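So this first bit is one chain, no partners, the form predicted alone, shown in structure tokens.
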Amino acid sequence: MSTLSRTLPRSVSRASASLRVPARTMTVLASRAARVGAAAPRAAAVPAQVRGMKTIDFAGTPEKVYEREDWPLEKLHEYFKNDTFALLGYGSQGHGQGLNLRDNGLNVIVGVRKDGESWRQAIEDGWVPGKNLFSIEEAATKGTILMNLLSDAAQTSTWPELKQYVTKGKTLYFSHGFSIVYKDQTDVVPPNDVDVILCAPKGSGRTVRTLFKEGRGINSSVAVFQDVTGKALEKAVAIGIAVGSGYIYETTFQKEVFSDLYGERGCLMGGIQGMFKAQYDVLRANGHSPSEAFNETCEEALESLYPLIAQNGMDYMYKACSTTARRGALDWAPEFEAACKPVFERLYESVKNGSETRRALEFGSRKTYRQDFDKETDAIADQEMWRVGHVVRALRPNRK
């Protein structure tokens, strides 16, 4: 059995994130949407301002941004008329980006291990063996744009075989800078005669798909590692729109992977779990009931306050609360900032010096990876806080 046939599952799905940027729906070919059973995206209100590529002032720093108005569907079809997108891997991002490409009428095929779980999932999603579903080797041979969406550990283990298919004139595409930036650990070094680009959606692949179907679009970053054709950035932006992005900003491979690893270990996932758990445990230790501790720690945050921040910002959320809550939050925020900043500084250094990469590759390469991962996440699910959460969520009126 080849190394490419022993790919590992994706170990991390990016947490969902969405900036408040108005979006218009992309035209999705109705016939394709019907074939895959996807609902057509709903059209959002059209903003009055002129949209498209521009330079915007972000709190005093000008940045280029790209929006889908520069890449209507007809233009995408013309631009990629001679290309075949070969989606290598069908995890979270592969699922979302692949279905969006297909719904947008572009020529896309999937490459995964035959008869594995991803193969079965792809068939359930309407990919047809021999037509647009192949082994990784065959898809890599057929594709002109090789979308390496395997897990980070699998990208490392499969590169010795995969690199023979990365030939002159093709484009190598990633959605994470991991393999390229940490090449001293992954040994992923592309040939010097291909464009190497990145589009990194700021959310899980499931969110990429959901927002596309809703007619919205995920926020994404794009980067160029190697520009052979002179059009690598243009190509990255076009693919970013084609896979379902609504708003795109420029970064570098290094900045993307540094910010991503740092963020998911911090406020997006690791920090949230740690903060929730600490607050819940102190409430319980002081005699508060499980339901009260969960409601005051998690439920109010997720159902009431965090949505206000998402829609209108932290200052609005403060103004929407009582005067007593405002005063306390304003007083204690600096205390938490001072306490957390040293932890975040250590975390960023751990990402920067490659420690987090070594840990991730070691863990993702274990033969017992899935069992070990399930053991740790099952332990979280078994915490009293989250067992209480199951009961509280079932009581939400919309669950009835």
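Not measured: the values here are computed from a predicted model. When you see a residue number, it is the position in the sequence shown, counting from 1.
Only in words, not in the display: the form predicted together with a small molecule, which the text now covers.
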In the predicted complex, do 92, 155 and 201 all put a heavy atom within 4.5 Å of the small molecule? yes
Can you say which of 344 to 352, 330 to 338, 363 to 371, 54 to 62 gets within 4.5 Å of the small molecule in the predicted complex, counting heavy atoms only? 363 to 371
Would residue 100 sit within 4.5 Å of the small molecule in the predicted complex, counting heavy atoms only? no
So in the predicted complex, does any heavy atom of residue 118 sit within 4.5 Å of the small molecule? yes
Is residue 150 one of the residues lying within 4.5 Å of the small molecule in the predicted complex, judged by heavy atom distances? yes
If we define contact as a non-hydrogen atom of the residue within 4.5 angstroms of the partner, is residue 176 a contact of the small molecule in the predicted complex? yes
Quick one: of 163, 77, 142, 113, which gets a non-hydrogen atom within 4.5 angstroms of the small molecule in the predicted complex? 113
As a check of understanding, the residue in 108, 197, 241, 136 with any heavy atom within 4.5 Å of the small molecule in the predicted complex should be identified as 136
